[in-house]
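The chain below stands alone and is given as structure tokens, in the form predicted alone.
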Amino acid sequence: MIGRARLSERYFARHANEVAVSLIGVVLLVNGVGGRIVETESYDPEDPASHSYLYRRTARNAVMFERPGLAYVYRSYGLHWCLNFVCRGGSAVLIRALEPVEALAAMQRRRATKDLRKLCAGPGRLCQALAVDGSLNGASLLAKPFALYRRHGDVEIVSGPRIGISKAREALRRFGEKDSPFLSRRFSPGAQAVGRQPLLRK
């Protein structure tokens, strides 16, 4: 990772859709463990599926209304942790899957599997592999234990309906690297092409 440029607060101070797309291919590390982001979902206050819908601030979602570039971590259905990146104005991006790259042994130990495709394929698996829990809620993504590095080169991205929600299921706000074997779930053959995204300089 030496020589790679890190992200800035400005990077996150945009609409969640923009951030969700641009995060594909970005390297995410937590205490040196992680890999390339290959799947995301976006949420904002005008989205019925969002915790911040209609700009309602609660004890649970308060971090979503703070400055961009913070981690929003919550437990889903009381079962597993989910890691989100706070964007502007009460919006956030859920990190759904990584391509494991760094410290594979640590991830395999935490997940009790050597199958690389099952280490970080899904929000809960990802958080378990990276040891992310509620203690990181509100932590800066721009400081330890997090490290985020801009992607190298272009990446081909597709979008489709989000997974595991009951509201606004038809919204094409799930984004992923086309044909990546590390997705939590494959996109349908008719997935909408977002296009080949160049390296973002922000």
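The structure displayed is predicted, hence computed values, not measured ones. Throughout, we count residues from 1 along the sequence that is shown.
What comes next is about the form predicted in complex with the DNA, which is not displayed.
The DNA is not shown here, and in the predicted complex it never comes within 4.5 Å of any heavy atom of A171. In the predicted complex, the DNA sits beyond 4.5 Å of every heavy atom of F175. Although the partner is absent from this view, R88 stays clear of the DNA in the predicted complex, with no non-hydrogen atom inside 4.5 angstroms. Not displayed here, the DNA is approached by S50 to within 4.5 Å at the level of heavy atoms in the predicted complex. For the DNA in the predicted complex, the listed stretch (25-33, 57-65, 139-147, 152-160) containing residues with heavy atoms inside 4.5 Å is 57-65. Contact annotation for 73-103: residues with any non-hydrogen atom within 4.5 angstroms of the DNA in the predicted complex are Y74, R75, S76, Y77, G78, L79, H80, C82, N84, L94, R96, listed in sequence order.
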